[in-house]
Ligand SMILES: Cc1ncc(COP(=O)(O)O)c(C=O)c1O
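Next comes just one chain, in structure tokens: the form predicted alone.
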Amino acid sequence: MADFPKSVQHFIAEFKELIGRSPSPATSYIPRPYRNAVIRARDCEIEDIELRADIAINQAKLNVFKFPANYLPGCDLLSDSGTTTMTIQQWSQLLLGDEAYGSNEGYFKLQQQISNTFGERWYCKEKQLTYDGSTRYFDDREKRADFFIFHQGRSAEFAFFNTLIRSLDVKPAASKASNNWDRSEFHYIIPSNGHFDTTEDNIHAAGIFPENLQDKSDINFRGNMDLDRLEQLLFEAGDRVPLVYITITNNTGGGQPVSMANLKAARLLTEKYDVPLFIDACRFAENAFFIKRREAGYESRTITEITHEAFENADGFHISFKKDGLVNIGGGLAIHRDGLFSEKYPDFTEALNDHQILVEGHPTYGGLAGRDIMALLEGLRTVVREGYLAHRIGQVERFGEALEARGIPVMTPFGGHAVYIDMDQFFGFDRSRDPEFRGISFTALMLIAGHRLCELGIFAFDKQWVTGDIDDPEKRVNNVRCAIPRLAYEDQDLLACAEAIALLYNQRDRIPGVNVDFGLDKTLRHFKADFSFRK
């Protein structure tokens, strides 16, 4: 271990001692709503601590995105996006995929499933003759929405915002390639309760300023939109707001839900100021579950009924199916034909269709294989089952409670897909030590322990770091996210991760800072940067 810094040598010894302990017996009263049909053996051993240290320091340069996943024997909590373990029902559907280049069978079934999942408002099939066994019938319902398939959510975001900016009268003043985050330099603004990092960067790259207006005052719905600030923005600059965006659940804000009341009130405001409302629907089912459990009047409603009611308020929505689609790939964008957005931008859908053909392929497969579409159909049916959601969100809560019981400062109440560790409280708030980026140090040491987490704090999110304008406490986000993949881990795995986190917390004064050796001034720097431990 002579080649490792002394601080790393210390934690290697501590991790070895940790994995040698005898586990305590666990107690459980409710079985999982599924059973294992297949497993995958790990390719590495938890005991290979020095090997992981060598890879983390010398190969991955302490960047969790660069660490090879096959060397992780513990929990990979980097993301819940596309990391779902699919069900055997989904795997069976893969065999039924129609790989035709144009108008594959799955495309029309997906169109029908979109309206089943999100409501009749989003019916998107053209009138057509349909065969059902030996019966022929004509579906004469009017098409109400246009639905566009993409290979993943951020591809849909990129297409949406870049097509939008070409539809606007005033062209962006800010350079798309710049690190300019000065709001005064942008003509257009898109407000949200909380843009996620890639959404925010796609908006910025299109030359529009992404504004975050989260309201944390309701303890049950800390992902809400701040309606007072939204109305002030719409009153003062409504002609510069091409649309309002609501993210459910609010990922950047801690995976926190948005209430139905807040969503409806936001809709009334956008109608008042003649501005379209869009939903980032990546975790729509998890948000509906929180509404059912926490919002008065929804206790007896089904997840599907709540989802339908929520999406009645939108002029369109974008979704990464890699979250609540329960699949490993796929994204989509729906636009209501009679909504305010279509009224304001009548040529938008044709321009978006052109982009889709040029970049993703024929609109009926949109960058996906036919088998992927069939797996998605089954995923959308599964995700609204209350038993599944109760276990999925319950597992997140149990992991959060395990961290809380060990003294770890975590964001509460727990969100739907992840537990967020507050790095300011973890290390003791000291702004002068921000340049050490100790959230990065923490996640690097967790790699050595065998688990992967993600820093979503002052390195990933604080765009103002480059200019030094980081003094607004309301804009400060300094978390490490533990995003739990769906159906992938059992509680035993997560408890092992919790013990490793607790070990570092109990010896946090010995955790070194990091140097940023490459990428401090780069866009999307958390994906690209190289780090080294400080001596």
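Given the structure is predicted, the values throughout are model-derived calculations rather than measurements. The numbering used is simple: start at 1 and walk along the sequence shown.
Quick note: we don't show the form predicted in complex with the ligand, though the next part is all about it.
Of the candidate stretches 287-295, 95-103, 224-232, 244-252, only 244-252 has residues whose heavy atoms lie within 4.5 Å of the ligand in the predicted bound form. A residue is said to contact a partner when one of its heavy atoms sits within 4.5 Å of a partner heavy atom; Phe160 fails this definition for the ligand in the predicted bound form, lying far away.
Although the partner is absent here, Arg283 lies within 4.5 Å of the ligand in the predicted bound form, judged by heavy atoms. Using a 4.5 angstroms threshold between heavy atoms, His318 counts as touching the ligand in the predicted bound form. Contact check for Pro191: no non-hydrogen atom falls within 4.5 Å of the ligand in the predicted bound form.
Just one of Phe196, Phe278, Phe437, Trp122 comes within 4.5 Å of the ligand in the predicted bound form, counting any heavy atom, and that one is Phe196. The partner is absent here; in the predicted bound form, the one residue of Ser81, Gln113, Asn262, Thr364 having a heavy atom within 4.5 Å of the ligand is Ser81.
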